[in-house]
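The chain that follows stands alone, in the form predicted on its own, written as structure tokens.
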Amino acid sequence: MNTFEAIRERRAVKHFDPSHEFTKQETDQLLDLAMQAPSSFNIQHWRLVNVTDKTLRANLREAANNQAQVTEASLLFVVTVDIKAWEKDPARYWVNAPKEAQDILVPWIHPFYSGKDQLQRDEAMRSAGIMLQTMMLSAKAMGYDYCPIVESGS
């Protein structure tokens, strides 16, 4: 499926075949594609937790207004963001880049984020949003549907 088809045909579905299981190869491919999403300074502020424990998924379903997809979907990822990821050894984001790029970009990270709480939050949320859209379109291109869920925290 090409990108245009994936965009036009994607749907957030509410019910899944609970007996279907992703293969390790499919899960790895989906995660690899998600990691290709761009992020500011390549920080990838997002963190994914693949929830496989059935009891935990049942508890999460209860917390998510009893939405069936929490327990029926083949994969369930909880997405979090690390707003302070930029502070944690920022050179690691550029370890595979040419030294010239490292020498320019790594010193920019601290001044870009330092003391800018709203920017830190916004960049983390943008990074997660871009990654999630990349992941969802990748899933569709692989022949799968999905359903993002937002937890209000109430």
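Residues carry their position along the shown sequence, with the first being 1. Keep in mind it's a predicted model, so treat the numbers as computed, not measured.
Just so it is clear, the following notes concern the form predicted in complex with a small molecule, a form of the same protein that is not shown.
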- Though only this chain appears here, would Q69 touch the small molecule in the predicted bound form if you measure heavy atom gaps against 4.5 Å? yes
- Query: K140 near the small molecule in the predicted bound form, any heavy atom under 4.5 Å?
  - Reply: no
- With the partner left out of view, is H20 within 4.5 angstroms of the small molecule in the predicted bound form by any non-hydrogen atom? no
- According to a 4.5 angstroms non-hydrogen atom cut-off, is K24 in contact with the small molecule in the predicted bound form? no
